[in-house]
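Take a look at this one chain, the form predicted alone, written out in structure tokens.
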Amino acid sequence: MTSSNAEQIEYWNSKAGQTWVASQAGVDRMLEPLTALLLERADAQDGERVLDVGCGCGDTTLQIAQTGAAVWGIDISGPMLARAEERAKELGLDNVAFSQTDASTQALTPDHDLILSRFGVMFFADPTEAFRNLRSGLSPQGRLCFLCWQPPRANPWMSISGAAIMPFSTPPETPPDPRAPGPFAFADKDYVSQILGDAGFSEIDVRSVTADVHIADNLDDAVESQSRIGPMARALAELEGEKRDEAIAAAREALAAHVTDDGLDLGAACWLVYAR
């Protein structure tokens, strides 16, 4: 694999990858309403060739495979791909394959009808070049469809706990680049359109989609979940001892105000992106 995304490759093959594997069922359930919107827009058909970029533990790959399409799921995380392969075997699917590779440089043949991604394309070191490479894998009438996050303020499911623990983190010496590889790198829809246009795509459509996502059935599980994955988990990784405990307590208090008898459901907002 290339080293152009070396930092991301290291991150997703270390403890983070194992953590996401352990959280796979909960994450898939949480993202279910957004996944449904993505798959509806992508409209994969029986017999099509599909490339799933940043497929992770394989949720979208396997759902598309069950439509009869031939699906190739690629990701940089070995632990997550191992789980995806395990799930494919459990389902007895023979029209799906997985590869550990960097989508930004993986050599592709121009015979894919659809390239799809659920929150897997915001981590490229050079997004324009990455999408130019992905475009090389599409057939002349091929289409691209992916989900990416809108800004944190539009995503209470991440921002509530994130804001609560922010006072416990050391502020960076310089403001972070909002377009640096990470969950919110594509928060600006105009930037997304620019990248795709520069990469050679046309008929670019970026539309807003929202949903309430189920974080957990109770407050304890919600705090545990957000302490393991997502922006809160990354922030907590920098804290130790009493300071970390205080940060978790602050997040717990912030989330408690939103818990109902059904558990914790919070708003999520994404860009659903489509292009030719």
Ligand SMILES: C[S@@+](CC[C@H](N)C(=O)[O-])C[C@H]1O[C@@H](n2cnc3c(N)ncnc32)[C@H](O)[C@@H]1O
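A residue's number is simply how far along the shown sequence it sits, counting from 1. None of the values given here were measured: they were computed from a predicted structure.
Omitted here: the form predicted together with the ligand. The next part is about that form.
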Option from 168-176, 188-196, 118-126, 154-162 whose residues, in the predicted bound form, bring a heavy atom within 4.5 Å of the ligand: 118-126
4.5 Å heavy atom contact, N133 to the ligand in the predicted bound form: no
Please check if I74 has a heavy atom lying within 4.5 Å of any heavy atom of the ligand in the predicted bound form. yes
In the predicted bound form, Q150 touching the ligand (heavy atom, 4.5 Å): no
Test of understanding: in the predicted bound form, would C55 fall inside 4.5 Å of the ligand by heavy atoms? yes
Out of M80, V96, C145, L138, which one falls within 4.5 Å of the ligand in the predicted bound form, going by heavy atoms? M80
